[in-house]
Every structure is written in C-alpha cells, then in structure tokens.
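Presented as structure tokens, the chain that follows is alone, the form predicted on its own.
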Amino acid sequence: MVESSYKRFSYYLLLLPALILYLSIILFPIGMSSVLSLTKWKNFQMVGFIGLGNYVKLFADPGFLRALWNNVQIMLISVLGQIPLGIILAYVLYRKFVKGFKFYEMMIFMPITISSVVVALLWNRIFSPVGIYTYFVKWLTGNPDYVMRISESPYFAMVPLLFVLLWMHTSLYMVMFLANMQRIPKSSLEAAKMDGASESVILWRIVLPALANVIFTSSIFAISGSLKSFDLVFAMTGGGPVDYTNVMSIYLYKHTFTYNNYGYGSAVSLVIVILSVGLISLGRALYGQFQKKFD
C-alpha cells in the first residue's frame, strides 16, 4: 500500500513540470483571451465589460463572415486537394512509374522549402493584372487590351491563392505518404500483382488502408493549418482587394494591432480556437467510427 502511494506520488511529481508548462502556454492564454473577449477597448485602454457584445458584433459583420468563408475554402482545398494529390504523387514515385524518381521527388518537395514571402512575390508576378499570364494571353490571342481581372471578382478572387496553397503544401503531404508507403511489406504488393490485381486495386485495398493513420494525422494538420493561414495570404494579397481574400487571422491582426481593439480581436481568436477544437474532435470521432467498421 505504501509502495503504491509512493509510485503514484512519483508519477504526479514527474508530470508536474509538463502540466505547469501546458497550463502556462496553452490554457492561460486561452483563458486570458476569453476574459478579454468580453471587454471593450478604446485608445489602448479597457473601458468596461460588454458581455457577449463582441460576439454579436462579430457574427453580424459581413467582413468576418467573408473571412470565415475564405478559411473554409482553404480548408477544403487542403483536405480534399492537397492530401489526395499528395497520395497520388507519392504512389507514382513509390511504384517508380517515372524514370529518375529521385529528381521528381526533389522538385515536387522544393516549394515547401521556399519562404512564403518569396512564393507570394513569385506568383504575384504571374497573376497580377500586368503579370506574365496577361502577357501570355495577349500574345496568344493577339488582343492587346486583355487584362487579367480575376482578383477583382468577389467569387473568384480566392482562386489564385488556393492554387498557390495547393502547389506549395502538397509536397509536404507527398513526403509523409511516401515515407509511410516505403514501410509497407513488398511481399504484400508482389502477392497482389501475382493474383492479377491492378494498380488501382493495390492502391485502394492495400496502400490506403495502411496509410489510414497518416491520412488522419495529415487531415488534422490540414484543418489546423487552414484556420491559422496568415503569412502567404498576407504577403500575396494582404486580404484585399475589398476583403475578397481576407482570412480570419488577418481580420484578427487588423482589429487587434491596427485598430487596437483587443477585446474584439480576442473574440476572433477564441472563435478560431473553438472551430479548431470542434473540427479536430469531429475528425477524431469520424476516424474512430471508421476504425470500428474495418477492425
């Protein structure tokens, strides 16, 4: 009995540093943001508590709803675009369908190693109204008056950004999937080939089930990364024009550090945290159901 109590005390003692660290850097900032989100600020000073006033204002603001929708678009292109494309590219390299696969592996991985600011400048040269694409279309069609105006459309202004995000981050998932595909026993693939299985059957019946854990982990990364998108969007468009490409993190940044409204900015940050936790929990629940069905 005494020995059991001693072990339990030892466990708690060893957990204490990690618990203090977790409370300090995770729960304390969230708690402080929760309190600040209930306050009103003016000229760098808190002028009083307004309850849920910031949240009511937030969800009535078309600018925030626009930013929220843009984050949803980024999340969709991340989960339904980057991950499937990463699996396909990894499978092509894993099965060595192309010669010189090491070269292709390096070239596909390269975008993620480049700074987001450099990537933004590069693609702005292509997608701007006076960029390379506009010159190319003028040359191809012979129309000297053509100007690319996709960024002026409230419906399609996000398309260049989504394309660049797809181009930039797919390589990271490709490397993750390729590393895990190389752990699949070769004998399983050889047996399937001897039984006459096609490549699509091998991919669907052998490779994808073996990657289930990695696909789930990648989906978590994609969801959390989508909700906190900032650097590339800020460097490429700054959220403009007319907030057409604004996202929640830029909306938060402007209201907190440009307009000095810390209460309103804290409300935005708490919404981002709640959405992240909710979506990740939903993903875990769906994955749990998937495991029960196929175990």
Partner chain sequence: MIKSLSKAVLLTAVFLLAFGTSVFASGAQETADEGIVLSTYLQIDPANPQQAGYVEMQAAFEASRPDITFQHEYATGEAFHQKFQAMVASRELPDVFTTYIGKRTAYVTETGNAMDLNEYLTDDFKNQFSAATWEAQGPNGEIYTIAPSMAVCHSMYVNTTLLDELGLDIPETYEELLAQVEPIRAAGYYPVSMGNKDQWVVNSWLLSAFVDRMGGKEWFSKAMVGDASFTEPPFVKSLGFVSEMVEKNVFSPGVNQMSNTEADQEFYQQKSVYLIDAGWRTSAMVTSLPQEQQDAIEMIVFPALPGEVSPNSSAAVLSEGFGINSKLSGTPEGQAAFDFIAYYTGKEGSEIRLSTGEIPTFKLDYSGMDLPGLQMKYAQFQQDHPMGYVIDSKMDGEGMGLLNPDIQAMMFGNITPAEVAERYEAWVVENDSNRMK
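Residue numbers count along the first chain shown, from 1. Here the rigid core means the biggest group of C-alpha atoms that line up within 1.5 Å when the two forms are laid on top of each other. Values in this document were obtained by computation on a predicted structure and should not be read as measured data.
Here the subject shifts to the form predicted together with the partner chain, a form of this protein not shown in this document.
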Which residue among Ser188, Ser128, Ser224, Thr217 has a heavy atom within 4.5 angstroms of the partner chain in the predicted complex?
Ser128
Looking at Pro144, Gly196, Gly100, Pro209, which has any heavy atom no more than 4.5 Å from the partner chain in the predicted complex?
Pro144
Partner-proximal stretch of 175-183, 80-88, 198-206, 149-157 relative to the partner chain in the predicted complex, 4.5 angstroms, heavy atom
149-157
I'd like to check something about Ser10: if you look in the predicted complex, is any of its heavy atoms closer than or equal to 4.5 Å to a heavy atom of the partner chain?
yes
Since only the chain is shown here, I'm wondering whether Arg95 would be in contact with the partner chain in the predicted complex (any heavy atom pair within 4.5 Å).
no
So in the predicted complex, does Tyr253 come within 4.5 Å of the partner chain, heavy atom to heavy atom?
yes
Does the partner chain get within 4.5 angstroms of any non-hydrogen atom of Val242 in the predicted complex?
yes
Within 4.5 Å of the partner chain in the predicted complex, counting any non-hydrogen atom, which residues from 51-67 show up?
Lys57
So with the core overlaid, does the Cα of Phe216 end up 2 Å or more away between the shown form and the other one?
no
If I superpose the two forms on their rigid core, does the C-alpha of Val130 end up displaced by 2 Å or more between the shown form and the other one?
yes
Superpose the two forms on their rigid core, then report whether the C-alpha of Ile274 is displaced by 2 angstroms or more between the shown form and the other one.
no
